[in-house]
Each structure stands twice: as C-alpha cells, then as structure tokens.
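This document starts with one chain, in the form predicted on its own, laid out as structure tokens.
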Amino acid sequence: MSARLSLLAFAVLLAAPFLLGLAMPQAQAQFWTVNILGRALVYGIVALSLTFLATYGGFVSLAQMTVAGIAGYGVAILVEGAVPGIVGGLPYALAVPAGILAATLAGLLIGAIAVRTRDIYLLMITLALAMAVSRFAESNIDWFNGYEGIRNVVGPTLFGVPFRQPHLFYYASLAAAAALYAGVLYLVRTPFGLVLQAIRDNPRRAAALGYDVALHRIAAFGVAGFIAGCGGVLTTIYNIGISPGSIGLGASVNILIISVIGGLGHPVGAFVGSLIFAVFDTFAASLYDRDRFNTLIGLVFLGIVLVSPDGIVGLARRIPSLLRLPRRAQAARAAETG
C-alpha cells in the first residue's frame, strides 16, 4: 500500500465520526464509531501482530490473542476499580505499561519455545500454548476470577472525559493503530527488518552470513507481543473487562480469519479484515442468522480465499492489471486487423 493511499485512508478514518454524524442520527453514528470502526481498529491491532509475523517472519501463530489477553489481564488485575479487585490500587498510567510489558515478555517466551519449528508444527505449538493459558485462566479463581473473568475495566479519565466516551475511545484507538502501523512499516526497512525477511526467505543463507537466526526470530515474536499487548489493552477496555472466553480457541481463530481475509501480504490487511469481520459479526442477524454466524463468516472466508488467496488487499492490488488485460487484447486485435 503506497504512502499516498495510507494517508488517504487515515484522513477518511479521521473524518469518519463527523461524516457519520452528518449522515445518521446521533445514536447510530456513535454505534458505528465505537462498535464498528473502533472495534475494527482495536482487533485490527491484534491482527497486525499476526500479520507482521506472517508477512516478514514467515510465522503463522495462533497465540496472538492469548498474548493480547495477557496484557488485558495484567491491566485488569492491577488497575484500581476493577471487579473483583485482585491486586488493584494502580492507576491506568502504570497498569497499562505493565500489561504491555507482560505481553512483550510473553511474546519473547513463545518465540523461544517455538523458535525451531515452522508451518504446521508452529501452529500446533502456539495453539497448545493458547489453550493452556485459556484453561489456566478459567480454572484459577484467585488471580483471574475463573470463568467469569474481571469486569469494570473502563479505562482512565483524560482531560475530564471518560476514556469510553465514543469519540475519545475512537481517536485514541486510531492514534494507537496508526502509530503501530507506521512503526511496522519503519521497522521492516531497518537492518533488523531486512535481516528478518532474509531469514524468512532463506534461513541457511542468513546464518551463513553470520546472523543469529534464532535470536532474530525470538525478537520478532517480542515485537509482535508488544503490538498484541497494545491491542489487548484496548480490547479489554472496549469489552469493559476480560474473561477466558475472550482469549480462547474461538478468539484465536477469529484473529487468524481476520488476517487471512484482509491479506497476509501487507500490514494494512489486518485492519481491512477486521473491518469486514466487525460488519458481518454485527449484522449477522440481519444478513443471515445470528446463531449461524460461523457458517456465514466461513462462507465469506472461503469465497475470499478462493478468489484471492492473498486476501482483499491482494485482490485490490491485482485490479489495475486485470483492467489492463481487456485493453491489451483490444490493442492486439486492432494490430492484427490493421
């Protein structure tokens, strides 16, 4: 995605709440701002961590929602006002960095465990880790409040305005998403990012050149853990809490679906896929049947993968060349007849 298109997309998102306010009643505009666009941004950040790993590292991990959940649980356990109060007493200014740090360390740990595996073996190891964390949180009452989880994580008050006020939450999420997206684009052009892509393409050659393949892979999981942690904090505030179900198998698979639908070939695919998923999840009852949402999103997933294996972003990239084909055919026929 070119810098010009990225800036255009950011400008549209920046103006979206005001445009929605002009086109819809206030209640509907706020619903779209928070529950569609805001939700797409915060879950898109978690999907961005997976897209970063897959695109530039060659890893497809099923533990990114779990890593995000570690950040969410970290904030919920530490922050003042959460119900039930586990540790409590800390302001969000301290609890949020602590949660993101915990997610980054979790990413490094997962990377260290899975560093020598690839493909299906990496998927199975990260899936096993995700399920283990979810089951542990579900069975632990003292620290995670078991199946019910921890509620009333509403975010801080900024300049006298509650964080979950629709416009404040949306713009804070947009700022975080834009910063992380720009950070990924910058990072992959640094020596670390270039070496990581070289390892993705040919790890033996990169090792022969003197690069520590294992260390770079672990560091990539740490970066992905930081990104997922930022998304985990925002998703926890969006959901006003966290529970084992929000980091379980279904949530982990949803992040994978979001990433594949949008396209694993570019970081922007995480947000495109998240927006499509949010729209279908919200309006499934009107489009098909709420109880059959998995069937609906599965059909959408299947259709997109069959038409464009690299997702919506890949399809958008091919449209100009597809439009040029008829023109070339016409020019060839004109040359033959002429």
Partner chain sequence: MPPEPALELTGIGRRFGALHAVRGVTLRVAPGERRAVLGPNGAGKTTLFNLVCGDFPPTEGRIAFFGRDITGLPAHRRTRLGIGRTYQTSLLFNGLGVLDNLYLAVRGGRPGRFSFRRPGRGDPHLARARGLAERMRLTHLEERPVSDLSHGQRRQLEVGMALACDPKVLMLDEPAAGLSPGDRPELLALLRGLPRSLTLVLVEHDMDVALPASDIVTVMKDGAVAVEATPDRIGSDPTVQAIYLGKGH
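Predicted model, so just to flag it, every value in this text is computed and none were measured. Positions refer to the first chain, counted from 1.
FYI, the form predicted together with the partner chain isn't displayed, but the following is about it.
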(message) I'd like to check something about Pro191: if you look in the model of the complex, is any of its heavy atoms closer than or equal to 4.5 Å to a heavy atom of the partner chain?
(response) yes
(message) Since only the chain is shown here, I'm wondering whether Leu215 would be in contact with the partner chain in the model of the complex (any heavy atom pair within 4.5 Å).
(response) yes
(message) So in the model of the complex, is the partner chain close enough to Arg200 to count as touching (4.5 Å, heavy atoms)?
(response) yes
(message) Even though the partner isn't displayed, in the model of the complex is Gly210 close enough to the partner chain, meaning a heavy atom within 4.5 Å?
(response) yes
(request) Let me know the one among Val195, Val253, Leu127, Leu109 whose heavy atoms come within 4.5 Å of the partner chain in the model of the complex, would you? (result) Val195
(message) Give me the residue from Leu90, Ala178, Ala219, Ala98 that has a heavy atom within 4.5 Å of the partner chain in the model of the complex.
(response) Ala219
(request) Determine which one of 243-251, 127-135, 180-188, 167-175 lies within 4.5 Å of the partner chain in the model of the complex, judging by heavy atom distances; exactly one does. (result) 180-188
